[in-house]
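Given next, in structure tokens, is a single chain: the form predicted on its own.
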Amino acid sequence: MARLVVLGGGVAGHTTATFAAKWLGSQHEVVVVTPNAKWNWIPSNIWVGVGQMTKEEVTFDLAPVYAKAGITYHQAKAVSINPEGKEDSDKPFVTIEYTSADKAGQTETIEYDYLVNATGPKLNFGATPGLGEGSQLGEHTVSVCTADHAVHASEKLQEAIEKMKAGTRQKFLIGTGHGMCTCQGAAFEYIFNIEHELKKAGVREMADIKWISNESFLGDFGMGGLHMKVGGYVVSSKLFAESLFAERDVEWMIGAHVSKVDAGKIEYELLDGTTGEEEFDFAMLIPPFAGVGLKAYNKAGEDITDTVFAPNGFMKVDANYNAGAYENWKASDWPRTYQNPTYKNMFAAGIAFAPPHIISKPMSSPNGTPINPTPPRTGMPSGIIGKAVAHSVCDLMTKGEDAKLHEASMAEMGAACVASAGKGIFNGTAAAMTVYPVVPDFEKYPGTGRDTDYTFGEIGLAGHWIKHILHHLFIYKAKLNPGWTLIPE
């Protein structure tokens, strides 16, 4: 019997572990190590953050689901990896530290035959002074990155609404909290859900709403923007986004690096090198992402973290990390199998893999400050990658080390995104978009980098209902209910 250890129980890790357990059956062991007791459907946190869903509606307990699947579950965080074992044993192992109440702080080692790193990101609030401390949210802003954060955001939003009802004008600042953030999409959804809720509460005229982002243009979304078919015409995401912002009377500030956060005020630097301050009464600023801080050691106990992980803390995979200048970047730089190049029995899935470079054009201010979105690897791509990695590992375990690995390059992968712009049975709206491929391929698709026949978008009530249905569908799938494998990633 061989053992697969999956680090992380988010979209990528949960997908990898559950499919592997199904395909391997009782012949092999699947172990999940994740610090969380609950699974969270993160795309719906924005609705929790405006009081339109509860924490319980976007989470569920992992333990009974893994018990049903025959998966060994440890509520713990991975601390380090020893891919060569130790001096008296060749068996590789991972060291974990328990986060569950009954074992909090206790450490243990788990040997493995194959390891999948799907730890996701550290929410690096500490990268911006005042935004938070380390991975913890600070006191000046709110967040929708976790279900608990979103509950707190909803409470603060209701306080702001009450102030407006009492006659006090409020300024809302939503966007990215650092020059190298990703996940502009979550902030994009949240700002328009806030605008929608303020209208419903009858206080929209008492609010000033402003978007702040590290994008060099509206609609970049960390993908260099896109051209898509809307109503039969090809339009840019820049035009699409600017039209929506103008329609909802939302101001915007782009190419911005938030350098400091104080109570009711941020300091920022723009791409042109100018600096300034912006005041707020309510702010939700997405933090940058980093690797979770896993360490790696060789057989002699020497630190080999730099061999296994990139400087940002994400695991190295089969990507071209020597692409050089932007002019040399190609779609083929992106990984296909997500196998670690040094240790062939280790893979990384979802946000945990180190990208070869960003997707958007790199930008920096005259002061040398990088101000550009880092690449999104969440949602649908994470699920697709997790399933492909599960396929590869299962084949290696059952067919031997010469088994062909499965591929899921983001440069050959399409993705669908449904971005909520307000929740409501009859007045909700969402932008439903498809992108193919996620990473543009300018050699295959000159000019736009993408196939415009498969890259399109519409906004309206139908999009809202699609997002609402997907919420229930993916939670149903993640709970491993009957027919779960039939629901696509």
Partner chain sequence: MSEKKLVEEEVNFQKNDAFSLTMIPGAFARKMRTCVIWQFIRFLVINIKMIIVVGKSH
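Owing to the predicted nature of the structure, the values given are computational and were not obtained by experimental measurement. Positions refer to the first chain, counted from 1.
The protein also exists as the form predicted together with the partner chain; that form is not presented, and the subsequent description refers to it.
Q: Quick check on Pro488: any heavy atom within 4.5 Å of the partner chain in the predicted bound form?
A: Residue-level check for Pro488: yes, a contact with the partner chain.
Q: Is Ala256 near the partner chain? Define near as a heavy atom within 4.5 Å, in the predicted bound form.
A: Result no; Ala256 lies far from the partner chain in the predicted bound form.
Q: Even though the partner isn't displayed, in the predicted bound form is Trp465 close enough to the partner chain, meaning a heavy atom within 4.5 Å?
A: Yes - in the predicted bound form, heavy atoms of Trp465 and the partner chain come within 4.5 Å of each other.
Q: Report whether the minimum heavy atom distance between Tyr454 and the partner chain in the predicted bound form is within 4.5 Å.
A: Tyr454 belongs to the contact set for the partner chain.
Q: Given a 4.5 Å cut-off on heavy atoms, tell me which of 310 to 318, 415 to 423, 73 to 81, 283 to 291 is the interface stretch with the partner chain in the predicted bound form.
A: Among the candidates, contact is made by 415 to 423.
Q: In the predicted bound form, which of the listed residues (Val58, Ile459, Val65, Val31) lies with a heavy atom within 4.5 Å of the partner chain?
A: Contact with the partner chain in the predicted bound form is made by Ile459 alone.
Q: Name the single residue among Asp208, Glu242, Glu97, Asp148 that comes within 4.5 Å of the partner chain in the predicted bound form, judging by heavy atoms.
A: None of the others qualify; the residue that does is Glu242.
Q: Could you list the residues in 248 to 262 that come within 4.5 Å of the partner chain in the predicted bound form, counting only heavy atoms and keeping sequence order?
A: Residues within 4.5 Å: Arg248, Asp249, Val250, Glu251, Trp252.
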